[in-house]
Each structure stands twice: as C-alpha cells, then as structure tokens.
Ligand SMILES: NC(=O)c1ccc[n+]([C@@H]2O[C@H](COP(=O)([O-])OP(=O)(O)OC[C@H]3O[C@@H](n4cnc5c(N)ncnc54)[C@H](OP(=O)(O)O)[C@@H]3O)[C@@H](O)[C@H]2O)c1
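Starting off, we have a lone chain in the form predicted on its own, written out as structure tokens.
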C-alpha cells in the first residue's frame, strides 16, 4: 500500500513500489514499455496506455499483468477518461509517469505547422493536463508521485532538435513551478532526463510508426531504454523530488547554460547547425530503409 503524506515525511528509506497503482503513458514501446515491465516485476499495479489500441492489446498479451487502457494523450476526452477510469477501477492513483512523447529532428524552416502542433500537443499540453487531472485526487489524499520523462535537451537546446528541445524546456519550467506548488502538500514531482536512447526514436521523429524491434528499422544509437526505466523506478521509490540524468553524466549538460560556456556553445552550434541537421538525416536514412514521408506506416504508439 502507498504511504500517506505524513508517513512520507517520516519515511527516510526507499518507498516500496509493490501494490502502488501507477499509470504509464506511451507504454507500448521504448522507455514506456521497459518502465511498465520493470514496475510490474516489482509488484506494482500498472495501467499502461497508448493511442494504438491494436498495438496496446498485443503488448498487454506479451506483458503479464499489464492493465491496458487506450488513450490518445492529445485528446482531452481520452485524458479525462483515463484518469476517471483508473479511479473507478482502483479507487486511487498513487503515481503518474508522463512518458508519452514524440520527437522531430530538422531545422525549424523545414517543419510544417502540423509538426509543430503535434510536438507541443503531445509533449507539453498532454503532460500538463494529465497532471492537472490527477492532482485533485492526490492532493485530497495528501500523497502522490508524478514523474516526467523529459530529456537532456530540456537543459540545452541545439539544432536539429530546436523545437523538440523547446517542448522539453517547457516541461522543465512546468516542473519547477509545480514543485513549489505541491511539495509541501505531499506530492512528489520528479524528472528523468535521458540523452540518446536506443529506441526507434529517429524513425518516429521523421513520421514512421514502427513496431517495437521492427525488422526494417534499426534502433538509433544510445543507452538501453532499461536504463531510463531504472531511473524512473528509483525516482518512484524516493520520498522527495528528484531530477536524474541518464546516464548520470548527462547532468553536465546543465553547465552549458553558464557563461562563458553558453557563449562558446552558441558559436559552436551556430557554425554546425546545417551539418548537424544533414548528419541527423543521414543517420535516420541509415536506420530506416524507406522514405519516412512515404505512406508506409508501421503500427505502434509513439513514445520517447
């Protein structure tokens, strides 16, 4: 059972995950699936959600104990139904892992309006609104934990991830204020900020929706998603707010916000913006053997 807010203050050691009702968004692939699997192994009640119902059903069959609930996080109706449904079935929500997200790599002038809207709606609006919906219940109990899967790109913005970084900067700003609002009322707010993760992120950032381990799509370079899942689980065990880089060395990215390192970075990335964008396109082409703007679409839910 979850501890009350008062018990949190008295509990100096790790808080058990076992028996806690935890929502994980974007649970059908990458970090979200790894997180759901890890929490289930430790005895949590995990409600996994994603927008692709067929894919969600398939993953639930492969992951014993996962409780699937379809939710397109960009839909206000789906977001409300997710929170109301979990409360109706379980009577409480102990933790929310805001993991669902999408990426986009390329220069700003290469984007279309729909690309911008998709990034903001998924990475920012959905995350804030799911948090808003779950907060009244958690505040009434004086207990709850919210974990945001953010990014090291939320500490330092660089091309060709400028707009993606902007959405993660928004997450960091939201978390900073939210902690000041709720930390004295029993709610813990944590962020996990990975660098590159070995998922199909690059393919998804260019419009494809590959299934997990799609034979036609190679994972982009990065740390295993299980590393990020471990950091999320560790955050959920802490009775205090936490920001974790994955790997930990990614935390050094915050130093680039400090002068004169910031000025040096401005010059360096200003000179290399075009080449970096071209390199990202080549890397995407190497990992996906098809033109991502073609109609070939594999089935999966987008996740970080």
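On a predicted model such as this, the values are computed, not experimentally measured, just so you know. Positions refer to the first chain, counted from 1.
Form predicted together with the ligand: not shown, discussed below.
A residue is said to contact a partner when one of its heavy atoms sits within 4.5 Å of a partner heavy atom; residue 164 meets this definition for the ligand in the predicted complex. Within this chain, residue 74 lines the site of the ligand in the predicted complex, having a heavy atom no more than 4.5 Å away.
The ligand is not drawn, but in the predicted complex it has a heavy atom within 4.5 Å of residue 27. The closest heavy atom approach of residue 102 to the ligand in the predicted complex falls within 4.5 Å. Picking from 196-204, 137-145, 177-185, 88-96 the stretch near the ligand in the predicted complex, with a 4.5 Å limit on heavy atoms, gives 196-204. Using a 4.5 Å cut-off on any heavy atom, the residues of 142-163 that reach the ligand in the predicted complex are, in sequence order, 149, 150, 151.
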